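Take a look at this one chain, the form predicted on its own, written out in structure tokens.
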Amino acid sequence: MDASSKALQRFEDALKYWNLSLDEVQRERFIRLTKLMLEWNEKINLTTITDPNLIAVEHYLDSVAPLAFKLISEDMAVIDVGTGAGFPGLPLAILCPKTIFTLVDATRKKVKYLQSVFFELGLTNVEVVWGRAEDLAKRKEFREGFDVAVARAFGAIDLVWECTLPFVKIGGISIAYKGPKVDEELAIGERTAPLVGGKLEFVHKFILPTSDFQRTLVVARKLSVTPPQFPRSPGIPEKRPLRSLTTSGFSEVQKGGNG
């Protein structure tokens, strides 16, 4: 058994803990995805993780974690904001062929890679869009047009809310992928979500099966229309985060990464 097959077996073993499984087409797609990502990674910076075994857990398994908590289901429209190398969007799209995914990224090279991938994998439920979330969320065809927004390795929680909740329909959710050190951000997330029409609803803490990686999914529910001034112009949400618009004196938390 080669490295890719062993990695896929570990992925499948882990999925069983969440009562998830792969069919033959999905297996082939994940094997092909790993190959394509590593080939493209030699030309553009997609990931620092190049061991297929770690890719299977830290990228694929982590990406599909919302399925373990039934946060994404069939016939939904999902937007992946700042998808980068296609995480979490691509693994979710492979496992959820009846769900429509829109992958958004501001780097043209990564968008070109993603377009090549979904074509070569034969995915018919994926659209890739180039652009900044702050700009795209102002466009009529995107604003409040999705059931779920996801963001992984995107930044601090209030940045996630500002750049994802404007895309979400009332009643839908935004999912922020975070690591174990998320507690210091939760107060900020709870306080700032209402500024963009949301409310912090769930915090799912868990360990990725077959590993010791601690992860967290922070979920905000969209309760009302996002005020038209949000999201602010590109760059502003990072420079003047939503927490600065409150009066409660939140301490700064480190931006970037998964927490």
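Keep in mind that what you see is a predicted model, and the values were worked out from it rather than measured. When you see a residue number, it is the position in the sequence shown, counting from 1.
Here the subject shifts to the form predicted in complex with ligand SAH, a form of this protein not shown in this document.
Interface membership of Asp105, defined by any non-hydrogen atom within 4.5 Å of ligand SAH in the predicted bound form, is confirmed. Contact annotation: Phe87 falls within 4.5 Å of ligand SAH in the predicted bound form, judged by heavy atom distances.
Looking at Glu144, you'd find every heavy atom of it more than 4.5 angstroms from ligand SAH in the predicted bound form. Although the partner is absent from this view, Ile72 stays clear of ligand SAH in the predicted bound form, with no non-hydrogen atom inside 4.5 angstroms. Remark: all three candidate residues (Gly82, Lys110 and Gly131) come within 4.5 Å of ligand SAH in the predicted bound form, counting heavy atoms only. Of the candidates Ala187, Leu121, Met76, Ala153, Ala153 is the one whose heavy atoms come within 4.5 Å of ligand SAH in the predicted bound form; the others do not. Taking ligand SAH as positioned in the predicted bound form, none of the residues of 218-232 brings a heavy atom within 4.5 Å of it.
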